[in-house]
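Here's a solo chain for you in structure tokens, the form predicted on its own.
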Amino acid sequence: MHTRISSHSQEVIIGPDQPVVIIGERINPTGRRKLAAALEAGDMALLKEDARRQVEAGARILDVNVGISGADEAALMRQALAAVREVTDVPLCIDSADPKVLAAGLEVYEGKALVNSVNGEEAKLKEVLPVVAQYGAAVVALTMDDRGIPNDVDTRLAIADKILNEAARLGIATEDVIIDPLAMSVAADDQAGLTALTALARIRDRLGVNQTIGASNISYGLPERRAVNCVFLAMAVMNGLTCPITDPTIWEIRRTLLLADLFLGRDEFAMNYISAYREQFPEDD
């Protein structure tokens, strides 16, 4: 199952037989006051720096979220996409809770974008999937619905299947739906990690689709969050994760994913890992 995301000059292939594709998460003002203030002022310098640094650190797709209260998010999204294009031509993931913002971004995007996101809520299915179909994009699908985030794996699998069926009805190919089985804080629920990992494996085995996850949620409220995220990511890759949304500028995160690829036979002669290590620590050469 290959999902292809492209810009006007680059294509990224996501699949279980491919190296893990990192979707860079840093272009998001949530919890980042400096970025939020810069975006509100129309200053794209920090956004461009985040884009450049993430690509240099190994991100192959960049998530772009400009959701700021009170802002003209559609106009800001178009401005942000243009700013990112000034520094890199990697494919982009257009991220908004507002279907009108998604459409505004897709209208000016050159290539095949990834959309973040749809879920099993009836309103979201009706509002987001037609936009995805209209612009020939791919989409991240969250395993939650009008009842919220289910605690059990069976319901998450059922929601994933429901979204895939609705997407197919609108002409969206199965390979263009990337499922997110949702990682929740293990500090709040000590079964949350097991639920997410089991959901990844079940969705992989039953539906065969590519999967993403926001890894940092798993460690919320715990000490040594970086270590917690790394261990979870390694286990998630073993269970079907193919394109995590994470921060590649954290070397420990990138190293974990490179080593996961190596141990799964997806890094010939360990060249990806060795090259990344030499970039990170040139003084060791």
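Note that residue numbering follows the sequence shown and begins at 1. Here the structure is a predicted model, which means the values were calculated and not measured.
Missing here is the form predicted together with a further copy of the same chain; even so, the following discussion is about that form.
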Query raised in the report: in the model of the complex, does each residue in the set 47, 49 and 81 place a non-hydrogen atom within 4.5 angstroms of a further copy of the same chain?
Result: no
Query raised in the report: At the 4.5 Å heavy atom threshold, is residue 194 in contact with a further copy of the same chain in the model of the complex?
Result: yes
Query raised in the report: With a 4.5 Å heavy atom cut-off, would you call residue 154 a contact of a further copy of the same chain in the model of the complex?
Result: no
Report task. Evaluate residue 57 for contact with a further copy of the same chain in the model of the complex, applying a 4.5 angstroms cut-off between non-hydrogen atoms, and reply yes or no. Result -> no
Query raised in the report: Looking in the model of the complex, any heavy atom of residue 249 within 4.5 Å of a further copy of the same chain?
Result: no
Query - Contact residue in the model of the complex, from 31, 223, 70, 42 (heavy atom within 4.5 Å of a further copy of the same chain) - result: 223
Report task. Given that the partner is absent here, state which listed stretch (225 to 233, 34 to 42, 58 to 66, 241 to 249) has heavy atoms within 4.5 Å of a further copy of the same chain in the model of the complex. Result -> 225 to 233
Query raised in the report: Using a 4.5 Å cut-off on heavy atoms, which residues of 107 to 136 contact a further copy of the same chain in the model of the complex?
Result: none
